[in-house]
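Only one chain is given next, in structure tokens, and it is the form predicted alone.
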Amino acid sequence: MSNGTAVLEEVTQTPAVKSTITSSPQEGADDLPLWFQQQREQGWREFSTMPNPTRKDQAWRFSNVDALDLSPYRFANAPSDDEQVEILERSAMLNGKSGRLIFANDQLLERDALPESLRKAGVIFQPLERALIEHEDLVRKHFMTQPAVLGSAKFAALHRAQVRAGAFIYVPRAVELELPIEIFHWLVDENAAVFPHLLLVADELSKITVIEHFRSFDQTAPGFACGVNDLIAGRGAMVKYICAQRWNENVTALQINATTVERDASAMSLNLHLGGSYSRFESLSRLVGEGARSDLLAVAVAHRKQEFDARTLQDHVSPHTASDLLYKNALDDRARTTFGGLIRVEPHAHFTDAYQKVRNLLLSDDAEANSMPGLEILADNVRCTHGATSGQIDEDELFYLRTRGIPVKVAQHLIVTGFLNEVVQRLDQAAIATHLHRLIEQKFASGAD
């Protein structure tokens, strides 16, 4: 193929089998390394024996655990030829990118290879299944090494057992990618299930930005997504990760993120949550080296009966580390959000500097926001603050805009957009910020229908 693009020819389509995701692990992995097969088997045993979460569990307080009935969901087949063409057309988001992978129903549709200059520099960007064979040692060293400690251990085990699609990225020492890498995951069929995975290893002094898009082909078909991210920022590295989640509003989704930040490195994640009926995001950020910094950013726009559930842990393991969490939610109709976050300063992690702020803007009397920030400090000489606020649109701001001839709905829209903009601008990536603003505008437009 031209332009370094590989399409369906390099992918063997799976047989027309639609087994449920809770019946037995998927077969057909005999060509993968033994350790990986053993991990799949272990994951299945753990999933099968762990109890389902209940609202009595602290990690699931306020959560809609009834949404976690997995019995309807199945592994789907590759999309039809016509669906593939449309998916590829709808996967054009950024004008400039270093590389791109497009998956649909957990099957690879297209791969835009990296420029030759990056390949010669040693950058690796491959589907996970291929990386397991060609870069086994690297994958094995980092694949799901951090435990799921924020409540979804059962679903992390299910992911480990059923994962079959994802991306592996490795950036060698002192290599910088000027343009972002894009990854698309599409749900296509009704009651389809996907298990997207991203393993990103940024070596010493390297720099990379990755954006993942999570989307539904059909705007009404129910589905299930259970994704995991492993992000490793080596010494002095700079990693930026963006999640643009806009499944349709009949999808149940769980996303489990584990970020490890080493000495003098920085990791920034920005998660935009727009879709899903029930969407839970768990983010563990471990600062394991002195001088490490982690920024955790999120925006959620919820309406109708949507529910967004966020759980976070800023874990300061070494001294002289910093973290900053800023989550903003805009809720309309009968939407609900839940936030449970903890800043933990481990023993000897002196001179920690950590912040945590959650702000909820309630656009309806029926909207509900639950926030549970917390601190656990086991060291001296630290500066840690946390807080959560919920409120409605400021009447003075609304009056000011109305006196200038701006209609009420437009004025409300402007205020909400400005409220959310603070988070997006922290990314300092103009092209991606423009794309995220466009997604937010589309969400507001759909709420006005």
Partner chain sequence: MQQLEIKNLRVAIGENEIIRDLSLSVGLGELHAVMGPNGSGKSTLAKVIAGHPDYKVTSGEVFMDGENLFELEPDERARKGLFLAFQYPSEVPGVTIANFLRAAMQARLPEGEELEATDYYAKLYEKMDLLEIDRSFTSRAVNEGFSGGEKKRCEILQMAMLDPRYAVLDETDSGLDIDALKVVANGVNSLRGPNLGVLLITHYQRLLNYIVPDFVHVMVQGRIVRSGGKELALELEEKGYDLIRDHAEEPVAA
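None of these values were measured; they are calculated from a predicted model. Positions refer to the first chain, counted from 1.
One more form of this protein exists, namely the form predicted in complex with its partner chain; it is left out here, but the text below deals with it.
Proximity to its partner chain in the predicted complex, defined as a heavy atom within 4.5 Å, holds among 414, 59, 65, 50 only for 414. Remark: of stretches 33-41, 66-74, 51-59, 405-413, the one touching its partner chain in the predicted complex is 405-413 (heavy atom within 4.5 Å). Not displayed here, its partner chain is approached by residue 397 to within 4.5 Å at the level of heavy atoms in the predicted complex.
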